[in-house]
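In structure tokens, the next block holds one chain alone, the form predicted on its own.
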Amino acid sequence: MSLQAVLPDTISGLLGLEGILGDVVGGLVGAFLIANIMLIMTAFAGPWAKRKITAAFGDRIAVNRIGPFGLLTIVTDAVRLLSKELIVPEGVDRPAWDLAPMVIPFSALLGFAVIPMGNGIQLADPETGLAFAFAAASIASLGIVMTGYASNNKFSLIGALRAVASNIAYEIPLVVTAASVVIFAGSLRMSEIVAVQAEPLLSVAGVTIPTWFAFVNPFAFALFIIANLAEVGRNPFDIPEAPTEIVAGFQTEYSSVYFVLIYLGEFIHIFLGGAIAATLFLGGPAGPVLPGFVWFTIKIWAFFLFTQWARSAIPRLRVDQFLEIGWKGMLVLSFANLVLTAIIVGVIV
């Protein structure tokens, strides 16, 4: 049982629907609302916020001509990209080439189905919610491989192979580090992981510090953030695209609406990575004074800002360095953290 009513139950109750019809309508409406919330955030993040943040790091102005603070650049960029001709290169594997740009954003949106975003704002709360979130996010790797294979372009294929190598090298440390949180929480259910972190850890000068796992195990939090950065493909781990090396990597042969879908998928994955990190280590939507959804939004945008800082401040690693850090560094440290966590929890319990 969920610790709180999930969003479809609330919607079906408001509409006065019961049974299977209520479950179906509530689920569809809830999925529509959550998907649109994330798409709106992504629309702000990609065409506008990314440029503003990068410009601030480089002491530049960035977009400011269209609308207040340049916000209408979001609309003009959408019109510009969607109105471009969709160029289909010769020799592409058309079914896979067409499907790949849809798989990438869909996998990220699917992961949000189990993320608790606030009081009652959660589409589903299964017992294996954390495993579902990781599994859904991993589907993007299939889409990236499809783009590389189907594009009939050597740069696209190299980018896809790099993405696979990246996912194998860093997804294992990511999941193993998350497993250390599961040992603390005693559950894979997302709502229960959040609930455990709501308990007080200690009190300093009358201020109660919650049991956020970022406070309990900051080493695991650092490992997770680094591995997460590699998973979403931001500097210094953006080797699947690497514009100065392989043109645009796996997305080299895509234009118009297909490019928009891939670009959209990348940024939704950044927000999904931030959402999983916030749920596992930062108490999910928990926070003082402000509503839970506001705190959840602040936390995932903080992760987005961190990825843009890394993009602007840290140079890209070589492929051999990238893989060596993953296999010889992150993997060893993540298993060491898991074993140490198991020992500590075993002794305390």
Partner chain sequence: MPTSKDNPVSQSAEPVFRTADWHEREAYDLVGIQYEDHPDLRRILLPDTWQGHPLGLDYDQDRPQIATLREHANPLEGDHRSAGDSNTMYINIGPHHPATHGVLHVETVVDGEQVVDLDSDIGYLHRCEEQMCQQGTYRHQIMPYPDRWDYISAGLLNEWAYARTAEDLADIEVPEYAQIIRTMGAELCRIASHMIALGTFALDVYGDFTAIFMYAMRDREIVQNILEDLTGQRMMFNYFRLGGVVWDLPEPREEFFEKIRDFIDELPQALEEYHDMITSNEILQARTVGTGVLPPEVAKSYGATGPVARGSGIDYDLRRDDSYGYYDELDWDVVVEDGCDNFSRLLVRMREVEESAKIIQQCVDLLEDWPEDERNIQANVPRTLKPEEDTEIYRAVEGAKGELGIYIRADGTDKPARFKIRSPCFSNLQTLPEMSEGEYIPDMIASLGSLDIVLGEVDR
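Values in this document were obtained by computation on a predicted structure and should not be read as measured data. Numbering follows the first chain given and starts at 1.
Heads up, the form predicted together with the partner chain isn't pictured, but that's what we're talking about next.
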So in the predicted complex, does any heavy atom of R80 sit within 4.5 Å of the partner chain? no
Should N235 be classed as touching the partner chain in the predicted complex when contacts are defined as heavy atoms within 4.5 Å? yes
4.5 Å heavy atom contact, L317 and the partner chain in the predicted complex: yes
Contact label in the predicted complex: P95 to the partner chain, heavy atom within 4.5 Å: no
Using a 4.5 Å heavy atom cut-off, which stretch among 308 to 316, 27 to 35, 40 to 48, 284 to 292 contacts the partner chain in the predicted complex? 308 to 316
Residue among Y254, F221, W212, F155 with a heavy atom within 4.5 Å of the partner chain in the predicted complex: F155
Ok, G91, P200, P243, G186: which has a heavy atom sitting within 4.5 Å of the partner chain in the predicted complex? P243
Is every one of G58, V247 and Q321 in contact with the partner chain in the predicted complex, taking contact as a heavy atom within 4.5 Å? yes
Could you list the residues in 62 to 83 that come within 4.5 Å of the partner chain in the predicted complex, counting only heavy atoms and keeping sequence order? none
